[in-house]
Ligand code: NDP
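The chain that follows stands alone, in the form predicted on its own, written as structure tokens.
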């Protein structure tokens, strides 16, 4: 039966969430909790368990036992697929509930969260097919005396650390693929957006996932995340967050058991607009790319590189689009830009807007903070005359702030696009297919969009070049990421003895 939620009304009291370990909800051992305030409404919406090292130890032990006794890894791909398919159905049934709590904790618009949750169900459906099709290889070319088999085996216990900007989406870009491979999980969501991760754990159990295969611990990154990264019984860490914190994950993992790592980190992503593009389409795409999720998006198009010949015309079209964006209450279906998720991030964005002006960039659109009765909101901002030495050009601001720089030819556009330590995503707008192919081949980015932006589906992999991370999520590569390869050599003839 579908769970109906009134997604237009605020909750009367904060909803309590415990941790999820070994198939059940329980409080943290200390009994401590933290209360999450809605960044859009300034009221308490959830109460989350505050875990410590001992909670992590119990969760990891549960996942370790569940992996080692093969209650999941020993099941057929068909059994795993059945659980993933049923979970997809449960996500669709509870779509409005999931979207509601995601919006309250994160501040993102309800129309956006509903779309993201629907896409998450697609992830589980796609991964169910991969659970059945995951396979290795064979080698019948080793001579009559030897036969070779290459198998893919689950890596083991995966520590999954997810951020606050896309709590459910990023979770679901990983969990179904991890489970399809046969691994077990200890998930650590951001302490400010934990609710939907626990809801997913409940749905997986309802769908038939064995106890201990999916566990959730909540709390701070410095305590719970660090404990997970350093734990000797965790075989792999999947981390999504900033490049700076990613370095800490590498250090913590390397200091113990040399865990396998999957890292999706920061980005300073270019949107390249050529004079031969459909400029109106491009203006809409650039506006979407910079404003989606209030710019709190690792693949946000935060740098605009525009051909000088059409720069004035294009910026006029872009500003006309941005003037129509709706900033406000994320529970209003018409809202396009919701609240900034944390006070710290709100302050960071505003400080970069101030810094850009101090560096000499021209603030040509917007002003920053939007005054409202409650919450913290930032409207779209455009900086022109931005040069490569400026911090706003180089740093990931993580807000709806666009830095504009002109170029004169294709080679200059490519050089400028690659002039960053990051390599997560890029977009190009042009009607010239030869130009598009040339740019797409030479720009260093793990995801590349042509005449669109922030598009995709569960079939295509996610990940970055350079300091934007290691490994790939989603697609068939997302299952393979959580496996190890084993070579098996089988003698097929009587052995010729080495010692007579």
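Only a predicted model underlies this, so the values are computations on that prediction, with no experimental measurement involved. Numbering follows the first chain given and starts at 1.
Another form exists, predicted together with the ligand; not displayed. Remarks below refer to it.
From the list 258 to 266, 365 to 373, 91 to 99, 115 to 123, the contact stretch for the ligand in the predicted bound form under a 4.5 Å heavy atom rule is 258 to 266. Interface residue among 151, 75, 226, 233 relative to the ligand in the predicted bound form, by the heavy atom within 4.5 Å criterion: 226. Of the listed positions (393, 164, 274, 407), a single one reaches within 4.5 angstroms of the ligand by any non-hydrogen atom in the predicted bound form, namely 164.
Remark: residue 329 does not count among the residues lining the ligand in the predicted bound form, judged by a heavy atom distance of 4.5 Å or less. The ligand in the predicted bound form is not approached by residue 156, whose heavy atoms all lie more than 4.5 angstroms from it. Residue contact with the ligand in the predicted bound form: residue 336 places no heavy atom within 4.5 Å of it. Taking the partner from elsewhere, residue 108 is found to have every heavy atom lying beyond 4.5 Å of the ligand in the predicted bound form.
Residues 229, 239, 240, 241, 242, 245 of 229 to 247 are found to place at least one heavy atom within 4.5 Å of the ligand in the predicted bound form.
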